[in-house]
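What follows is one chain in C-alpha coordinates, specifically the form predicted on its own.
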Amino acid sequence: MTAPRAVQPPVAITGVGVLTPLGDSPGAVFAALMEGRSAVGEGGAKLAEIRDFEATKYANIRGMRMYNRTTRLAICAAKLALSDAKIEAASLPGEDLGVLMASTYGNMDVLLEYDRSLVEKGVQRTNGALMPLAIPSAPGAMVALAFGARAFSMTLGGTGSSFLDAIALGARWITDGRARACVVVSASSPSPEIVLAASRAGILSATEAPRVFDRRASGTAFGEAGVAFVLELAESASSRGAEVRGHVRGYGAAFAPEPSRFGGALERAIRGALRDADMTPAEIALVSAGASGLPAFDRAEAMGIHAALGAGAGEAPRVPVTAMKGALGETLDAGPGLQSLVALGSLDERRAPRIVGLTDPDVEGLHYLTQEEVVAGDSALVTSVSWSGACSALILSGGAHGRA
(Lines give C-alpha, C1' and ligand atoms only; values in the text may rest on other atoms or scores of the structure.)
Protein backbone atom coordinates (compact mmCIF):
# COMPACT_ATOMS: atom_id res chain seq x y z
CA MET A 1 0.00 0.00 0.00
CA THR A 2 1.28 3.47 -0.87
CA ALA A 3 1.64 5.77 2.13
CA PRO A 4 -0.54 8.90 2.02
CA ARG A 5 1.18 12.13 1.20
CA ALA A 6 1.83 14.38 4.17
CA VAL A 7 0.36 17.55 2.65
CA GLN A 8 -3.36 16.95 2.00
CA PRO A 9 -5.44 18.54 0.54
CA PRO A 10 -3.34 20.30 -2.13
CA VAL A 11 -1.50 23.40 -0.97
CA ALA A 12 -1.07 25.77 -3.87
CA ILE A 13 1.27 28.65 -4.56
CA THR A 14 -1.06 31.32 -5.92
CA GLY A 15 1.09 34.42 -5.75
CA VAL A 16 4.75 35.20 -6.33
CA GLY A 17 6.45 38.54 -5.70
CA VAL A 18 10.10 39.24 -6.41
CA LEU A 19 12.57 42.12 -6.47
CA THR A 20 16.09 41.56 -7.78
CA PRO A 21 18.74 43.45 -9.76
CA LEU A 22 17.55 41.47 -12.82
CA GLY A 23 13.90 42.44 -12.56
CA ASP A 24 10.85 42.94 -10.37
CA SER A 25 8.56 40.23 -11.71
CA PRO A 26 8.91 36.43 -11.94
CA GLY A 27 8.77 36.61 -15.74
CA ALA A 28 11.44 39.30 -16.00
CA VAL A 29 13.82 37.50 -13.63
CA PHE A 30 13.35 34.15 -15.35
CA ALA A 31 13.85 35.70 -18.80
CA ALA A 32 17.09 37.37 -17.65
CA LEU A 33 18.39 34.07 -16.30
CA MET A 34 17.48 32.32 -19.54
CA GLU A 35 19.50 34.97 -21.39
CA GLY A 36 22.50 34.19 -19.17
CA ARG A 37 22.57 37.68 -17.64
CA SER A 38 24.31 38.22 -14.30
CA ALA A 39 23.88 40.94 -11.70
CA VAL A 40 27.20 40.08 -10.08
CA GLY A 41 30.12 42.29 -11.14
CA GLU A 42 33.63 41.09 -11.83
CA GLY A 43 34.65 42.14 -8.34
CA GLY A 44 33.35 39.19 -6.37
CA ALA A 45 33.01 41.13 -3.11
CA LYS A 46 30.78 43.73 -4.74
CA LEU A 47 27.14 43.61 -3.68
CA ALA A 48 24.77 42.91 -6.57
CA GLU A 49 22.23 45.51 -5.50
CA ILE A 50 18.86 46.66 -6.74
CA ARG A 51 19.55 50.08 -8.17
CA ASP A 52 17.02 52.90 -7.81
CA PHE A 53 14.82 50.88 -5.45
CA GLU A 54 11.91 52.99 -4.23
CA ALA A 55 9.53 51.20 -1.89
CA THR A 56 6.58 53.53 -2.57
CA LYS A 57 6.54 52.27 -6.16
CA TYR A 58 5.31 48.92 -4.88
CA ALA A 59 3.59 49.51 -1.54
CA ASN A 60 2.17 52.51 0.29
CA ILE A 61 2.58 51.51 3.91
CA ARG A 62 2.42 53.94 6.81
CA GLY A 63 5.75 54.26 8.63
CA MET A 64 7.74 52.60 5.83
CA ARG A 65 10.44 55.28 5.97
CA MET A 66 11.45 54.09 9.45
CA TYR A 67 12.15 50.55 8.33
CA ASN A 68 15.50 49.33 7.10
CA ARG A 69 16.03 48.32 3.49
CA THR A 70 15.59 44.60 4.19
CA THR A 71 12.17 45.19 5.75
CA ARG A 72 11.09 47.47 2.92
CA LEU A 73 12.12 44.86 0.35
CA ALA A 74 10.17 42.20 2.25
CA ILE A 75 7.02 44.33 2.46
CA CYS A 76 7.19 45.15 -1.24
CA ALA A 77 7.73 41.51 -2.23
CA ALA A 78 4.78 40.48 -0.03
CA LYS A 79 2.58 43.15 -1.62
CA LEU A 80 3.50 41.94 -5.11
CA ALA A 81 2.75 38.33 -4.13
CA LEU A 82 -0.63 39.21 -2.63
CA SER A 83 -1.53 41.21 -5.74
CA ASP A 84 -0.47 38.30 -7.94
CA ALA A 85 -2.78 36.06 -5.90
CA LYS A 86 -5.61 38.60 -6.28
CA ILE A 87 -5.82 39.03 -2.52
CA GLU A 88 -6.60 42.47 -1.16
CA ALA A 89 -5.31 42.34 2.41
CA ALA A 90 -7.59 45.19 3.51
CA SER A 91 -10.68 43.14 2.65
CA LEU A 92 -9.37 39.88 4.13
CA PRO A 93 -10.02 39.29 7.86
CA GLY A 94 -6.72 39.40 9.73
CA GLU A 95 -7.47 36.01 11.28
CA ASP A 96 -7.39 34.50 7.77
CA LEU A 97 -3.87 35.70 6.88
CA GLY A 98 -0.56 34.52 8.31
CA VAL A 99 3.06 35.53 7.70
CA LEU A 100 6.20 33.40 7.86
CA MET A 101 9.44 35.35 7.47
CA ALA A 102 12.78 33.72 6.66
CA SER A 103 15.40 36.02 8.16
CA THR A 104 18.65 35.51 10.02
CA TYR A 105 20.43 38.87 9.65
CA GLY A 106 17.60 41.13 8.48
CA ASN A 107 17.72 43.20 11.67
CA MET A 108 21.50 43.39 11.92
CA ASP A 109 22.06 46.90 10.54
CA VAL A 110 19.41 48.37 12.85
CA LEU A 111 20.85 46.55 15.85
CA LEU A 112 24.32 47.87 15.10
CA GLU A 113 22.98 51.41 14.60
CA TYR A 114 21.09 51.25 17.89
CA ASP A 115 24.04 49.86 19.87
CA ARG A 116 26.45 52.34 18.29
CA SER A 117 24.17 55.22 19.20
CA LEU A 118 23.90 54.03 22.80
CA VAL A 119 27.69 53.94 23.10
CA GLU A 120 28.39 57.20 21.30
CA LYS A 121 25.39 59.35 22.31
CA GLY A 122 23.96 57.74 25.42
CA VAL A 123 20.45 56.60 26.25
CA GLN A 124 18.87 60.07 26.28
CA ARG A 125 20.01 60.93 22.74
CA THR A 126 19.35 57.52 21.16
CA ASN A 127 16.22 57.09 19.06
CA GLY A 128 14.08 54.71 21.13
CA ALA A 129 12.03 53.75 18.07
CA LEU A 130 15.03 51.76 16.83
CA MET A 131 14.90 49.32 19.73
CA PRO A 132 11.86 47.24 18.64
CA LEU A 133 13.16 47.27 15.05
CA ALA A 134 16.49 45.83 16.19
CA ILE A 135 15.19 42.45 17.36
CA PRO A 136 15.60 39.45 14.99
CA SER A 137 11.87 39.02 14.36
CA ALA A 138 11.26 42.71 13.56
CA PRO A 139 11.26 42.48 9.72
CA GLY A 140 8.66 39.70 9.76
CA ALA A 141 6.57 41.47 12.38
CA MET A 142 6.54 44.61 10.25
CA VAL A 143 5.34 42.60 7.23
CA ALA A 144 2.52 41.14 9.31
CA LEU A 145 1.64 44.59 10.66
CA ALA A 146 1.67 46.12 7.16
CA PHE A 147 -1.00 43.70 5.93
CA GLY A 148 -2.95 43.14 9.14
CA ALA A 149 -1.99 39.45 9.35
CA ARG A 150 -3.16 38.07 12.70
CA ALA A 151 -3.51 34.32 12.09
CA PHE A 152 0.18 33.91 12.90
CA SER A 153 3.48 35.72 12.48
CA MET A 154 6.74 33.82 12.90
CA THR A 155 10.36 34.31 11.87
CA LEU A 156 12.56 31.34 10.96
CA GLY A 157 16.34 31.70 10.90
CA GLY A 158 18.98 29.44 9.45
CA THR A 159 20.32 31.35 6.44
CA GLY A 160 20.32 28.85 3.58
CA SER A 161 17.51 26.55 4.70
CA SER A 162 14.97 28.85 6.34
CA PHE A 163 12.84 29.73 3.30
CA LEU A 164 12.26 26.08 2.41
CA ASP A 165 11.46 25.34 6.06
CA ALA A 166 8.99 28.24 6.07
CA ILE A 167 7.21 27.00 2.93
CA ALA A 168 6.82 23.54 4.47
CA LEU A 169 5.54 24.98 7.75
CA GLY A 170 3.16 27.31 5.94
CA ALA A 171 1.77 24.41 3.88
CA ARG A 172 1.20 22.42 7.07
CA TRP A 173 -0.57 25.28 8.81
CA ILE A 174 -2.77 25.99 5.78
CA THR A 175 -3.75 22.31 5.72
CA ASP A 176 -4.46 22.43 9.45
CA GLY A 177 -6.78 25.40 8.94
CA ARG A 178 -4.76 27.94 10.92
CA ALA A 179 -5.18 30.50 8.12
CA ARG A 180 -6.87 30.85 4.76
CA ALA A 181 -3.68 32.23 3.18
CA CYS A 182 -0.04 32.43 4.23
CA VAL A 183 2.65 34.78 2.95
CA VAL A 184 6.13 33.22 3.04
CA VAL A 185 8.60 36.04 2.57
CA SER A 186 12.29 36.87 2.81
CA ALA A 187 14.61 39.67 1.85
CA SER A 188 18.33 40.27 1.89
CA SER A 189 20.29 43.49 1.84
CA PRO A 190 23.58 42.68 3.59
CA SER A 191 24.93 45.46 5.78
CA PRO A 192 28.52 46.67 5.30
CA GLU A 193 29.44 44.91 8.55
CA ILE A 194 28.17 41.56 7.26
CA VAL A 195 30.04 42.01 4.00
CA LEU A 196 33.21 42.92 5.92
CA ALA A 197 32.86 39.93 8.24
CA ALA A 198 32.32 37.57 5.31
CA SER A 199 35.34 39.02 3.52
CA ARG A 200 37.56 38.54 6.57
CA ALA A 201 36.29 34.96 6.93
CA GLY A 202 37.38 34.21 3.35
CA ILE A 203 33.82 33.63 2.13
CA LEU A 204 33.85 36.25 -0.62
CA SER A 205 35.71 35.91 -3.87
CA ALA A 206 38.16 38.81 -4.11
CA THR A 207 39.00 38.52 -7.79
CA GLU A 208 36.04 37.27 -9.83
CA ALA A 209 32.33 36.50 -9.92
CA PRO A 210 31.26 33.22 -8.27
CA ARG A 211 32.02 29.99 -10.08
CA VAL A 212 29.14 27.78 -8.98
CA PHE A 213 29.91 24.04 -8.66
CA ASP A 214 33.22 24.77 -10.39
CA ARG A 215 36.63 23.26 -9.61
CA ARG A 216 38.16 26.77 -9.67
CA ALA A 217 35.61 28.31 -7.30
CA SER A 218 37.17 30.66 -4.75
CA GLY A 219 34.21 32.22 -2.97
CA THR A 220 30.85 33.85 -3.39
CA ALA A 221 29.42 37.36 -3.77
CA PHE A 222 26.44 38.86 -1.98
CA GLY A 223 23.26 39.82 -3.77
CA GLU A 224 20.19 41.80 -2.81
CA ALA A 225 16.64 40.53 -3.22
CA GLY A 226 13.13 40.28 -1.86
CA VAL A 227 10.88 37.28 -2.60
CA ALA A 228 7.48 36.15 -1.37
CA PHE A 229 5.01 33.33 -2.06
CA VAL A 230 1.32 33.12 -1.16
CA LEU A 231 0.17 29.67 -0.03
CA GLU A 232 -3.46 28.56 0.20
CA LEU A 233 -5.72 25.62 -0.61
CA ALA A 234 -6.16 25.17 -4.32
CA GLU A 235 -9.95 25.34 -4.12
CA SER A 236 -9.79 28.71 -2.38
CA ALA A 237 -7.72 30.09 -5.24
CA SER A 238 -10.01 28.70 -7.94
CA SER A 239 -13.10 30.14 -6.27
CA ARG A 240 -11.46 33.58 -6.45
CA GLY A 241 -10.26 33.18 -10.01
CA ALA A 242 -6.58 33.24 -9.04
CA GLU A 243 -4.02 31.33 -11.10
CA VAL A 244 -2.20 28.47 -9.40
CA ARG A 245 1.57 28.90 -9.92
CA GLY A 246 2.56 25.59 -8.37
CA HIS A 247 1.97 23.09 -5.58
CA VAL A 248 3.93 22.12 -2.48
CA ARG A 249 4.46 18.38 -2.71
CA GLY A 250 7.13 17.23 -0.27
CA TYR A 251 9.72 18.40 2.25
CA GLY A 252 12.64 16.94 4.13
CA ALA A 253 15.32 18.27 6.47
CA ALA A 254 18.45 16.99 8.19
CA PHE A 255 21.45 18.37 10.05
CA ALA A 256 25.18 17.66 10.13
CA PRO A 257 27.68 19.24 12.55
CA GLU A 258 30.59 19.60 10.11
CA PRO A 259 31.08 20.23 6.37
CA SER A 260 32.47 16.77 5.69
CA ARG A 261 29.05 15.36 6.61
CA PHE A 262 26.82 17.93 4.89
CA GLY A 263 26.45 15.80 1.77
CA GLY A 264 25.05 12.89 3.76
CA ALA A 265 22.63 15.22 5.56
CA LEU A 266 21.34 16.63 2.27
CA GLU A 267 20.90 13.11 0.90
CA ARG A 268 18.71 12.30 3.92
CA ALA A 269 16.74 15.50 3.43
CA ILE A 270 16.10 14.71 -0.26
CA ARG A 271 15.03 11.17 0.51
CA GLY A 272 12.71 12.54 3.19
CA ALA A 273 11.16 14.96 0.71
CA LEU A 274 10.61 12.13 -1.78
CA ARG A 275 8.88 10.03 0.89
CA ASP A 276 6.77 12.99 1.93
CA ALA A 277 5.69 13.50 -1.69
CA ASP A 278 5.26 9.75 -2.30
CA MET A 279 7.60 10.07 -5.28
CA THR A 280 10.61 8.30 -6.73
CA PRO A 281 13.81 9.98 -7.98
CA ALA A 282 12.71 9.21 -11.55
CA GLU A 283 9.81 11.66 -11.15
CA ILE A 284 12.11 14.64 -10.52
CA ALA A 285 12.52 16.66 -13.72
CA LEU A 286 14.86 19.36 -12.42
CA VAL A 287 17.03 20.29 -9.45
CA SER A 288 17.29 23.96 -8.49
CA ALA A 289 20.39 23.96 -6.28
CA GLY A 290 21.66 26.49 -3.76
CA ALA A 291 25.34 26.35 -4.71
CA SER A 292 27.00 29.78 -4.42
CA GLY A 293 30.69 29.32 -5.20
CA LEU A 294 31.90 28.17 -1.78
CA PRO A 295 33.87 25.01 -2.65
CA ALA A 296 33.17 22.88 0.45
CA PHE A 297 29.44 23.65 0.46
CA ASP A 298 28.97 23.30 -3.31
CA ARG A 299 30.83 20.00 -3.22
CA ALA A 300 28.68 18.70 -0.35
CA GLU A 301 25.49 19.74 -2.14
CA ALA A 302 26.54 18.06 -5.38
CA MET A 303 27.44 14.87 -3.53
CA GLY A 304 24.14 14.85 -1.65
CA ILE A 305 22.13 15.34 -4.84
CA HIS A 306 24.09 12.64 -6.62
CA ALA A 307 23.66 10.18 -3.77
CA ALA A 308 19.90 10.70 -3.66
CA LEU A 309 19.14 11.09 -7.38
CA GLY A 310 22.27 10.13 -9.30
CA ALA A 311 22.37 7.48 -11.98
CA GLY A 312 23.52 3.99 -11.19
CA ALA A 313 26.70 2.32 -12.41
CA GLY A 314 27.10 2.65 -16.16
CA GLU A 315 24.18 5.06 -16.53
CA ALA A 316 24.40 8.64 -17.74
CA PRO A 317 23.33 11.32 -15.25
CA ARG A 318 19.69 12.13 -15.97
CA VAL A 319 18.24 14.94 -13.82
CA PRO A 320 19.22 18.45 -15.01
CA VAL A 321 20.74 20.60 -12.27
CA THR A 322 20.61 24.38 -12.40
CA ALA A 323 21.70 27.04 -9.89
CA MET A 324 21.03 30.78 -9.95
CA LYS A 325 23.50 32.26 -7.44
CA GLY A 326 26.19 32.71 -10.07
CA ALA A 327 23.84 35.30 -11.59
CA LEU A 328 22.09 36.77 -8.54
CA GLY A 329 24.69 36.25 -5.82
CA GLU A 330 24.32 34.85 -2.32
CA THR A 331 21.07 36.31 -0.96
CA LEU A 332 21.13 34.36 2.31
CA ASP A 333 17.61 33.47 3.56
CA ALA A 334 16.02 34.75 0.34
CA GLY A 335 18.13 32.43 -1.83
CA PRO A 336 15.91 29.31 -1.67
CA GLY A 337 12.92 31.50 -2.49
CA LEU A 338 14.65 32.59 -5.69
CA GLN A 339 15.59 28.96 -6.37
CA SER A 340 11.93 28.02 -5.99
CA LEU A 341 10.96 30.80 -8.39
CA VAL A 342 13.43 29.38 -10.93
CA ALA A 343 11.99 25.88 -10.40
CA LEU A 344 8.40 27.03 -10.96
CA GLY A 345 9.41 29.12 -13.98
CA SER A 346 11.26 26.17 -15.51
CA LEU A 347 8.28 23.83 -15.02
CA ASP A 348 5.93 26.40 -16.51
CA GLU A 349 8.15 27.26 -19.50
CA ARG A 350 9.40 23.68 -19.95
CA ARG A 351 12.98 24.91 -20.10
CA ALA A 352 15.66 25.71 -17.54
CA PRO A 353 18.51 28.25 -17.47
CA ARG A 354 22.17 27.37 -17.49
CA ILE A 355 24.48 27.78 -14.50
CA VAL A 356 26.38 31.04 -14.84
CA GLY A 357 30.08 30.66 -14.01
CA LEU A 358 30.35 26.88 -14.41
CA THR A 359 32.95 25.58 -16.83
CA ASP A 360 34.77 22.78 -14.99
CA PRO A 361 32.55 20.79 -12.57
CA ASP A 362 34.20 19.88 -9.28
CA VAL A 363 32.01 16.81 -8.63
CA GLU A 364 31.36 14.51 -11.58
CA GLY A 365 28.21 12.49 -12.15
CA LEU A 366 25.56 15.20 -12.30
CA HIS A 367 23.86 16.69 -15.34
CA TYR A 368 24.85 20.33 -14.75
CA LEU A 369 23.18 22.76 -17.13
CA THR A 370 25.84 24.63 -19.07
CA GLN A 371 23.26 25.69 -21.64
CA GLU A 372 19.50 26.11 -21.78
CA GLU A 373 17.69 22.79 -21.73
CA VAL A 374 14.16 21.40 -22.04
CA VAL A 375 12.50 20.26 -18.80
CA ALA A 376 10.51 17.07 -19.38
CA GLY A 377 8.35 16.60 -16.30
CA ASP A 378 6.09 18.20 -13.73
CA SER A 379 8.13 18.22 -10.51
CA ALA A 380 11.29 19.98 -9.37
CA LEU A 381 13.54 19.57 -6.35
CA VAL A 382 14.91 22.62 -4.53
CA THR A 383 17.93 21.99 -2.30
CA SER A 384 19.80 24.03 0.27
CA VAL A 385 22.85 23.54 2.49
CA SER A 386 23.18 26.27 5.10
CA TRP A 387 26.46 27.45 6.60
CA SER A 388 25.38 26.00 9.95
CA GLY A 389 24.82 22.49 8.56
CA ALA A 390 21.02 22.59 8.27
CA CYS A 391 20.05 20.94 5.00
CA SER A 392 16.58 21.17 3.47
CA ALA A 393 14.86 19.83 0.36
CA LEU A 394 11.52 20.86 -1.11
CA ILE A 395 9.61 19.29 -4.01
CA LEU A 396 7.36 21.54 -6.07
CA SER A 397 5.07 20.70 -8.96
CA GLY A 398 3.87 23.04 -11.67
CA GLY A 399 0.60 24.93 -11.65
CA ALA A 400 -1.17 22.43 -13.88
CA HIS A 401 -0.22 19.50 -11.68
CA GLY A 402 -2.86 19.09 -8.95
CA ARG A 403 -3.31 16.18 -6.58
CA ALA A 404 -6.31 14.12 -5.62
Partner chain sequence: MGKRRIVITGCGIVTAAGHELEPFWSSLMRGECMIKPLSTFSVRDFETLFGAEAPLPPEDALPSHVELSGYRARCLTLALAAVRRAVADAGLPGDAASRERTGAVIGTTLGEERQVGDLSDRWSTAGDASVDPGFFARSDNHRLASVAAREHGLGGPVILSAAACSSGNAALATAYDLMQMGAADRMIAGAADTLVRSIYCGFHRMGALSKSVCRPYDKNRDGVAFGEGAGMVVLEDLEDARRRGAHIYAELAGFGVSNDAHHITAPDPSGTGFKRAIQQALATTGTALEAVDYVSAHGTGTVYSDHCEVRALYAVFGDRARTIPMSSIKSMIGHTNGAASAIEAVACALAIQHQAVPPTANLTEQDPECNIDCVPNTGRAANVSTCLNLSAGFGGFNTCTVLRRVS
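Everything numeric here is computed off the predicted structure, so don't read it as measured data. Positions refer to the first chain, counted from 1.
Quick note: we don't show the form predicted in complex with the partner chain, though the next part is all about it.
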item	value
215, 237 and 306 each touching the partner chain in the predicted bound form (heavy atom, 4.5 Å)	no
Heavy atom contact within 4.5 Å of the partner chain in the predicted bound form, the stretch among 296-304, 68-76, 224-232, 252-260	252-260
Partner-contacting position among 22, 395, 11, 390 - heavy atom within 4.5 Å of the partner chain in the predicted bound form	390
Residue among 89, 279, 133, 244 with a heavy atom within 4.5 Å of the partner chain in the predicted bound form	133
Distance check, residue 83 to the partner chain in the predicted bound form, heavy atom within 4.5 Å	no
4.5 angstroms heavy atom contact with the partner chain in the predicted bound form for residue 310	no
Contact of residue 267 with the partner chain in the predicted bound form (heavy atom, 4.5 Å)	no
Interface membership of residue 116, the partner chain in the predicted bound form, 4.5 Å heavy atom rule	yes
Within 339-363, the residues that have a heavy atom no more than 4.5 Å from the partner chain in the predicted bound form	none
